[in-house]
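Coming up is one lone chain in structure tokens, specifically the form predicted on its own.
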């Protein structure tokens, strides 16, 4: 490998890690719901894309700055997250894991069909911030839009960790996750915690959808299924129920994905990510940060 190939390789990894903040937010959404309810919400990534599309529709109807699209997407994501809980979980027996899994699969298809019919299946341009900013770092060039996406993702992650570990809602969430019966006897409303969890993860998903649109420059209905797969991969590699694991796994998957794309092309990129998942399932099925049983 000559000097230029080495520089291009490091550049690819850096761009992938910056974009990996979006995968980290998606992985956090999957793992937070699993940690609280021990259920997989397959509609999460589709709801994130739906929230980003909804923010575009609202932005087209009101004269607001393009940067406001992130706030709109977060609000739409919170609303969709609450609806997903009421439709897909509230009235379905939680002791039947297959029923909730199939309900979220149905919601994934429903949200995807709504997006396709609303947009006629045509990709839409998404506001890109700091696209003309290039920050030189020695022989490397860092894109301003990717840096903005990465910084926004880091802010969301820090705020979420503070919410979970420094607020009463966070204490209640961890209590319901570890001892649902005991927490109910202590007066904690399991339903309230569950729906707030879906709303919070919906807000994160809406921001992640807006970040993906801003980094790519457009939104497509075809993104729902690949992002669902990537979110689940991040969740498994990081460790089911581990938020720090989801953060690290998201950055890892983002960096390796871009590296594989540089080395082998976009057609083989996902093949190696699937191989990485297989390696973790065989040699470290608990993920990077397997959650130990016991009290937190």
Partner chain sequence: MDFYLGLIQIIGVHTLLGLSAYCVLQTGQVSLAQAGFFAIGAYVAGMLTVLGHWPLIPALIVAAVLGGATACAVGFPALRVKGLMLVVATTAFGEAVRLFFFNFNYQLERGELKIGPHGGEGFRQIRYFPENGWSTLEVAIFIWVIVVIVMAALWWMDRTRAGAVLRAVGQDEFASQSSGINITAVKVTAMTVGGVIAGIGGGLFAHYTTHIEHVQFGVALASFAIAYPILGGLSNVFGTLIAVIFIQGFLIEGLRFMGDWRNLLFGGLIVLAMNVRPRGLIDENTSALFKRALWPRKDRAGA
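Predicted, not measured: the structure shown is a model, and the values here were computed from it. Numbering follows the first chain given and starts at 1.
Another form exists, predicted together with its partner chain; not displayed. Remarks below refer to it.
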Residue 106 versus its partner chain, in the predicted complex: is there a non-hydrogen atom within 4.5 Å? yes
Exercise: residue 10 in contact with its partner chain in the predicted complex, heavy atom 4.5 Å: no
Please check if residue 114 has a heavy atom lying within 4.5 Å of any heavy atom of its partner chain in the predicted complex. yes
Does any part of residue 277 reach within 4.5 Å of its partner chain in the predicted complex? Heavy atoms only, please. yes
So in the predicted complex, are 34, 235 and 271 all sitting within 4.5 Å of its partner chain, heavy atoms only? yes
Heavy atom within 4.5 Å of its partner chain in the predicted complex, from candidates 161, 87, 142, 154, belongs to 87
Note: exactly one of 259, 252, 240, 54 sits with a heavy atom within 4.5 Å of its partner chain in the predicted complex, namely 240
Spot the stretch among 171 to 179, 143 to 151, 88 to 96, 206 to 214 with residues whose non-hydrogen atoms come within 4.5 Å of its partner chain in the predicted complex. 88 to 96
